[in-house]
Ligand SMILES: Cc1cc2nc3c(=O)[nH]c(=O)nc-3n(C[C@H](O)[C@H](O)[C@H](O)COP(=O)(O)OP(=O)(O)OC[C@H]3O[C@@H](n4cnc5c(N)ncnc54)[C@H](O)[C@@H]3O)c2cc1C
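One chain follows as structure tokens, the form predicted on its own.
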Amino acid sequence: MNWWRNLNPVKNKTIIRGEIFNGIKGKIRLAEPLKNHTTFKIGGPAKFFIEPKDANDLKLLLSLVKRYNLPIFVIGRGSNLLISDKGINGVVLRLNAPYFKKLSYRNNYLNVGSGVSLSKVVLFAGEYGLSGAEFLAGIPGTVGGALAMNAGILEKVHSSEFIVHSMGDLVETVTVMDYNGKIKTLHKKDIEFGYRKSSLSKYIILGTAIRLAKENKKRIKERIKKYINYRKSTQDLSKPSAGCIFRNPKGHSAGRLIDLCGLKGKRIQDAGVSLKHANFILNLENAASRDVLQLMDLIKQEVRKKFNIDLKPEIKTWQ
């Protein structure tokens, strides 16, 4: 992955030192450990870790990335991400400056920057008596990441009845920047939302307008508490993880399939299947990316062998 070998010697030295980014007003870090930016606590260094100051800074960064043909990766809270221990030979971009963390409301609409945490959105909406975002409580991500992967929850309402709540349900518009630096506003009809995916992944998400509904603050607070308690009771939060590792196959629970294969507690080095939720792989101490990948492969093999079902990863991998 030594992508700089194709550049001339002068540009080569300039890129290695990061001097091509001197015009960027935001934060630039070299060899930044990515394990510090993922909930898995796994990942080697990013050659360049950059947090642009605003949209103009981001546009300049994209032009430099394009000019020097550098790989670029976008990260939020890193809550559904497994990164190679070798790191990333390119630019890792995070929209963490105040410009990308604006939050305001008007009537029943919230205008939210992509860098805002989901927990802040939930609490902000509740303070103003706006309901509809409570199901996001307890999800450790940002608005940008939640939009890109259409984050949500499968809520059990009866013994055999479930309701799906997803980020895409709330969206009215999403403001994005393409990789040529052009800003556009997409309406809900322009966006494809699916199970843990969306067509927004091809853009850099800047922010969104979501539509909520007026309701009694006490009821909203009770629902927030219910969702947080549900996550605490069903998910394993004892060790670093990336949440659910596999998508639920149609008509099945991935966690139940893994459990029925007897894989709870299965361990490869410091990566282990949770005893509480079989669709969670935990970083038990100092797990490497390869340990998690090997354990994922083993799980897929066992589920395929027993049920003839192919599990698909819910997490993203940068390898």
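One-based numbering along the sequence shown. Predicted model, so just to flag it, every value in this text is computed and none were measured.
Not on display, but discussed next: the form predicted in complex with the named molecule.
Interface residue among 74, 97, 209, 224, judged by heavy atoms within 4.5 Å of the named molecule in the predicted bound form: 74. The contact residue chosen from 151, 88, 125, 170 relative to the named molecule in the predicted bound form is 151, the criterion being a non-hydrogen atom within 4.5 angstroms. Remark: residue 280 counts among the residues lining the named molecule in the predicted bound form, judged by a heavy atom distance of 4.5 Å or less.
Of the heavy atoms in residue 39, some are within 4.5 Å of the named molecule in the predicted bound form. None of the heavy atoms of residue 191 is located within 4.5 Å of the named molecule in the predicted bound form. Though the partner is left out of this view, residue 186 does not reach within 4.5 Å of the named molecule in the predicted bound form, counting heavy atoms only.
Residues of just one listed stretch (125-133, 104-112, 209-217, 139-147) have heavy atoms within 4.5 Å of the named molecule in the predicted bound form: 139-147. Contact residues in stretch 242-263 (any heavy atom within 4.5 Å of the named molecule, taken in the predicted bound form) are 242, 243.
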